[in-house]
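Below, in structure tokens: the form predicted on its own, a single chain.
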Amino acid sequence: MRVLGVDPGLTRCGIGVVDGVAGRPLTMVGVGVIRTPAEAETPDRLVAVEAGIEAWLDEHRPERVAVERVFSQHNVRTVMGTAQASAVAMLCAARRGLPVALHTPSEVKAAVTGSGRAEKDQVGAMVTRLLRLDAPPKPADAADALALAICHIWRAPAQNRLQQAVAAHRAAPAPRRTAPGRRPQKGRPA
């Protein structure tokens, strides 16, 4: 499975592509950062993020896209920019019919390091180790994008089985129930 991981941001949008399946060694296909100038207007920055993501999708042809789920922060301006860049990534994937998964930062950290409270340098070190790289990807946004892709590769099989079980449960006919205190009669359905 080839996954494009996106660590959304307006100034730096981390992006990374990983090939692999759960339980097997993973391979980094590419990693980078889409940068936009802080002094540019937000609509222009979003267009630049879109163009960058589209270029990565064209070049690497992923099967799925994993995006960091935006969470509440104290700086509303930062949250807004992150949410906008996240929406652009989801839009680019949806246009191509690619499945999109959202993963929280703590979920990604737990999947990659074993601790949902891991520091950025720990995530970078584990990404380096898991992908057998010579050095941690820089800046941290790039390592985070790879961590998102890794998290999704490892969690997707379990998530798919869970979704299938829920769908099967919803599709199954509901059992008929008898009124409290009544026993079903022989030969008659309950």
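All values reported here derive from a predicted model rather than from experimental measurement. Quick note: we count residues from 1 along the sequence shown, nothing fancier.
Not pictured, yet referred to below: the form predicted in complex with a further copy of the same chain.
Want to guess which of 147 to 155, 39 to 47, 26 to 34, 55 to 63 is within 4.5 Å of a further copy of the same chain in the predicted bound form, heavy atoms only?
Careful reading of the contacts points to 39 to 47.
Can you check whether residue 84 is within 4.5 Å of a further copy of the same chain in the predicted bound form, heavy atom basis?
Answer yes; at least one heavy atom of residue 84 falls within 4.5 Å of a further copy of the same chain in the predicted bound form.
Do residue 88 and a further copy of the same chain come within 4.5 Å of each other in the predicted bound form, heavy atoms counted?
Yes, contact at 4.5 Å.
Is residue 131 close to a further copy of the same chain in the predicted bound form, meaning a heavy atom pair under 4.5 Å apart or at it?
Looking in the predicted bound form, residue contacts with a further copy of the same chain do not include residue 131, since no heavy atom lies within 4.5 Å.
Exercise: residue 123 in contact with a further copy of the same chain in the predicted bound form, heavy atom 4.5 Å
No, residue 123 is distant from the partner.
With the partner left out here, which residues of 90 to 125 have a non-hydrogen atom within 4.5 Å of a further copy of the same chain in the predicted bound form?
90, 91, 94, 95, 100, in sequence order.
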